[in-house]
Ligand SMILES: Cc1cc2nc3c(=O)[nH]c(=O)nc-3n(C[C@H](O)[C@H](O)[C@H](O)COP(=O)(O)OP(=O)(O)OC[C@H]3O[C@@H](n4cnc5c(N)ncnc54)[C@H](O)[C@@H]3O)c2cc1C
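Next up: a single chain in structure tokens, the form predicted on its own.
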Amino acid sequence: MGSSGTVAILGGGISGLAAAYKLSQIHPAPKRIVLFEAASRLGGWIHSSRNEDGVVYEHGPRTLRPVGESGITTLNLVQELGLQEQVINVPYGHPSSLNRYVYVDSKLIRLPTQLSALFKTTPPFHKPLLAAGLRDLFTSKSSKDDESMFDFVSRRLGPDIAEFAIDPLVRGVCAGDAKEISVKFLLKSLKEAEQKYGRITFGLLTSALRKPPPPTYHVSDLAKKAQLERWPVWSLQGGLQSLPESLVEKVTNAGVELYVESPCTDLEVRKDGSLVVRSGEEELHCCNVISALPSFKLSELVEKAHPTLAKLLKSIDSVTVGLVNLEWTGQRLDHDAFGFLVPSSQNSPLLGVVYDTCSFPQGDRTILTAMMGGKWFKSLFGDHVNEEALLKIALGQLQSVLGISDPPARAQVHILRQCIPQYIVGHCDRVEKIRRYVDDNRLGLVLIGASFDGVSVNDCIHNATKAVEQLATKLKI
């Protein structure tokens, strides 16, 4: 391909922007890099509102964790973009990093972190936590390659841990049902420990005793600072949207062509291996296409020519979340915490509530974000619920849980339709089949985005970066 080729990027969320940035940094870069985005704005689900008085609401991701290679990749990018002075972090030991609550039987219960919880029963659990470790020691490993997170944890550590820790965790991370979500989504290392050592406790002990090898990837000064100071989470002044905004500025200056309100309406793979991307009346001939589209959107583009691939892509479902930002004057909470989550057994419309101003204060005000629906959105609210109805429901729930009865000073409601992919049992196999089909049929497609290899912002940035590096090596850009 060399510098004479053209690469199209479908989707202008964080994955597509990260891919565009990485492509623009390669020397020599492709002759043309063209990004198509259907919406009127770039950044995807990363969306911050900045009020005239400087108060910020997040309508999507709000904090990132600086852990693992993907966490380092994001911090490396932040430093490359010159955003390190805008980074704000929750300090180690802060209440928002230590205090996690669940709402069970009409009560807020702090999840135990004290050593004493190993030996005495502490709500919401019905047994001392040591019982979970003992259960693991006397449970043989499963022959199943994959199973749900709920089933795995219930089998190895007991139904208490599954119901009151894992179930709400899954609702908070992906708005999904722990009885459907693959154990490989969040607990892949524990599943691997079971398969290798027979007991997850043996695997955890072995990992704790083994000295970790030095990283084989670059670690920026900002990432080193995060590791040294043990940041639990971090964000950016002015909202996380500053990250995609900076990427837009950088790639525009590098000559990347960005088109908003320009959905890809057709994708053709020709016999000579070239691709044609159509958006309205525009037609772009290119050597490679990087798709950062949700899998269900990509399926629509390939269905006519590749129905088998389309069926596989459609099998990755996504859920809708109602997100309500609420602001009151003064301090309205009687406890400091990250927030609380609600197990599915409680039959609540709430997935959880984030105490935004506990992590990052914004003057003398209380700002909360309620998340509702997810996997249960349609059964709870139907097909035609509006923002006003969701606001009313959220306020009623917060009055019951937190005792805040007066109306908020300000509120915003967003219905995020099909925003979070669901990695149900067998997801890894499905993704492998999708990529095998693309390779076997020489479609020239590179698949990135939250539908495939991780739903977090860190995952999306890391996987987009790696995909571009692999494409550059393959084509010797």
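The first residue of the shown sequence is 1; numbering continues from there. The structure displayed is predicted, hence computed values, not measured ones.
Just so it is clear, the following notes concern the form predicted together with the named molecule, a form of the same protein that is not shown.
Student: So the named molecule isn't shown here. In the predicted complex, which residue out of Cys264, Ile200, Ala223, Leu129 has a non-hydrogen atom within 4.5 Å of it?
Tutor: Looking at Cys264, Ile200, Ala223, Leu129 one by one, just Cys264 meets the 4.5 Å heavy-atom criterion.
Student: If you check His94, Lys297, Arg135, Lys179 against the named molecule in the predicted complex, which one has a heavy atom within 4.5 Å?
Tutor: Only one listed residue qualifies here, and that residue is Lys297.
Student: Closest heavy atom of Ser24 to the named molecule in the predicted complex, within 4.5 Å or not?
Tutor: No, no contact at 4.5 Å.
Student: Contact with the named molecule in the predicted complex for Ala19, defined as at least one heavy atom pair within 4.5 Å: yes or no?
Tutor: Judged by the heavy-atom cut-off of 4.5 Å, Ala19 is well away from the named molecule in the predicted complex.
Student: I'd like to know whether Ile33 contacts the named molecule in the predicted complex, with contact meaning heavy atoms within 4.5 angstroms.
Tutor: Outside the cut-off, so no.
Student: Given that the named molecule is not shown alongside this chain, does Val468 nevertheless sit within 4.5 Å of it in the predicted complex, heavy atom to heavy atom?
Tutor: No, no contact at 4.5 Å.
Student: In the predicted complex, does each of Pro112, Pro124 and Phe164 have a heavy atom within 4.5 Å of the named molecule?
Tutor: No: no residue has a heavy atom within 4.5 Å of the partner.
Student: Which one of these stretches, 204-212, 287-295, 76-84, 325-333, sits within 4.5 Å of the named molecule in the predicted complex when only heavy atoms are counted?
Tutor: Every other range fails; the passing one is 287-295.
Student: Can you list, in sequence order, the residues from 418-457 that come within 4.5 Å of the named molecule in the predicted complex, counting heavy atoms only?
Tutor: Sequence-ordered list: Cys419, Ile420, Gly449, Ala450, Val455, Ser456, Val457.
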